[in-house]
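Only one chain is included here, represented as structure tokens and corresponding to the form predicted on its own.
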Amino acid sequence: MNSPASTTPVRPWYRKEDYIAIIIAFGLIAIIGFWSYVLRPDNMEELTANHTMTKEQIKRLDKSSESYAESKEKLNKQLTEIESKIAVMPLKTSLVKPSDWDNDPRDAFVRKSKSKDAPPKSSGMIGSLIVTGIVLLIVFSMGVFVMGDSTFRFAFAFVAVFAMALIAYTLAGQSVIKNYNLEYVLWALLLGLLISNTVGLPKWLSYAARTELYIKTGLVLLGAEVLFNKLLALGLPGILISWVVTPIVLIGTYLFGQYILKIPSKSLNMVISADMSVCGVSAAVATAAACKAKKEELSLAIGLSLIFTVIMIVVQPYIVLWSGMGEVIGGAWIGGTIDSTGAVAAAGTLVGGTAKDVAATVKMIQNILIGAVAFGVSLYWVSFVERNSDGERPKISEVWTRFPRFTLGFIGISLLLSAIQYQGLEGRMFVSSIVDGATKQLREWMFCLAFVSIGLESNFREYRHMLASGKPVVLYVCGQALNLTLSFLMAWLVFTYLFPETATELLSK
């Protein structure tokens, strides 16, 4: 257990990363939401009516007609145009990340046109990247100021950390690298590790290496993307795959690590088990806070997760295609086992459009468990793990003390935007204005900054004693094998015997 020394002064609640992350995330959503609401078009009723009429026209199309596909595509374009007018996104072109490129890295800073016929536009990309960096600098400088640390030192070092994140994004956008799904998080981590394991982390740079602040804020913003309509999209089949298998794998892997492998550190065992079984980095961070895992234990779990995620992105889609299990079962299998949400979408795309949608939905439903898992681990740790020599347990209030509060922000934003989204077309487009227009892009940058910081704060010497026995790797491999097996069996059972009509409906869309 990594507990602070008794002489360490306790920070007031408003100076702790969890609360600052929640305040920053809610503040961003409030500002972006207000801006989008003010700029919404005056003819909202007319646009809504046209949207409804166009959807009705699509329903009335004759599917047997030769012109069905052409007519449907034309009407879908009309829907997209109407939705783009309703969903006001004032920051869409200002908050960006580098583009994809082939041979010339300079192409990463050229804004690509969405139209296939239009030539690429170079205006605005460099300026927009500077704006993105300034927005993140202002947001986190305010947090650092509230925490009572030097804002000037942070701002000076942040420029370097942001530059490293920019390099990570640029590397990930190269066509060959992108083809192998080597995502930005991997490059961000490697860049940080390269510095920390060669010249070491310079003191001036350490002021901006704030893993917890970046990743907790990003995780709270993730709640804006994990909405409860995702749960309803697959309904009970999705819940069975995500909420039944996951706890079994988590508990089974942890017990295997404790009683079979006999891993010395229970917190390392728990963080690896949660990372592998729930949803990767997000669950690892929440669980590490709940069981007070050491920073190097969290870094090791994340490192293992990234390595195996890259392997699974490449291997799993080909297993799905080779075995003929189909897009629905295959998509659910991918969504329930690959850790990263972005990696899930990438792997699903290699199988097909339906597989991508099913995989992403299953993963989003699984992400909802983050708060529940963190609470369960907190309760278990206080009740059973942290007993003294006389068998006495810490006070039950300790559960709340160590419970990762940022998960409450994650749940709160998810509930808030889910409620707004249920208010019809305007509600859905308003949420899209917030998420697609700004918070998703900011959240991804925050994750990238966090992984750079994790690399900067990590040193391979710290992992040597944990990896010497090979037990963490064996734990991850065995746990993932159990996860792959149970997730496939549940997906097969659900979509073949329990809800075959759901699979048929998904394939017909």
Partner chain sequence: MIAVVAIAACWGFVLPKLAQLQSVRDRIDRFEQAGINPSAVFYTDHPKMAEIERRIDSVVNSEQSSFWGQ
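Numbering follows the first chain given and starts at 1. Under this definition, the rigid core comprises the largest set of C-alpha atoms superposing within 1.5 Å between the forms. Quick caveat: nothing in here was measured; it's all calculated off a predicted structure.
Missing here is the form predicted in complex with the partner chain; even so, the following discussion is about that form.
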Is Asp357 close to the partner chain in the model of the complex, meaning a heavy atom pair under 4.5 Å apart or at it?
yes
Partner proximity in the model of the complex: Pro237 to the partner chain, non-hydrogen atom cutoff 4.5 Å
yes
How about Tyr180: is it within 4.5 Å of the partner chain in the model of the complex, going by heavy atoms?
yes
Considering non-hydrogen atoms and a 4.5 Å limit, does the partner chain approach Phe158 in the model of the complex?
no
Residue within 4.5 Å of the partner chain in the model of the complex by heavy atom, from Gln258, Ser323, Thr401, Ser175, is Ser175
Here the chain is shown alone; which of Thr361, Thr246, Ser267, Ser299 has a heavy atom within 4.5 Å of the partner chain in the model of the complex?
Thr361
Region of this chain that lies against the partner chain in the model of the complex, out of 269-277, 291-299, 144-152, 362-370 [heavy atom, 4.5 Å]:
362-370
Are Leu227, Ser340 and Lys440 jointly within 4.5 Å of the partner chain in the model of the complex, each by at least one heavy atom?
yes
Could you list the residues in 478-501 that come within 4.5 Å of the partner chain in the model of the complex, counting only heavy atoms and keeping sequence order?
Phe499, Glu501
Rigid core superposition, Val494 Cα moves 2 angstroms or more between this form and the one not shown
yes
Core-superposed comparison between this form and the one not shown, Gly223 Cα displacement 2 Å or beyond
no
Fitting the rigid core first, would the Cα of Asp339 be found 2 Å or more away between this form and the one not shown?
yes
A 3 angstroms or greater change in CA distance between Val315 and Leu190 is reported in the model of the complex. Closer or farther than in this form?
farther
Sense of CA distance change between Val315 and Phe447 in the model of the complex, threshold 3 Å
farther
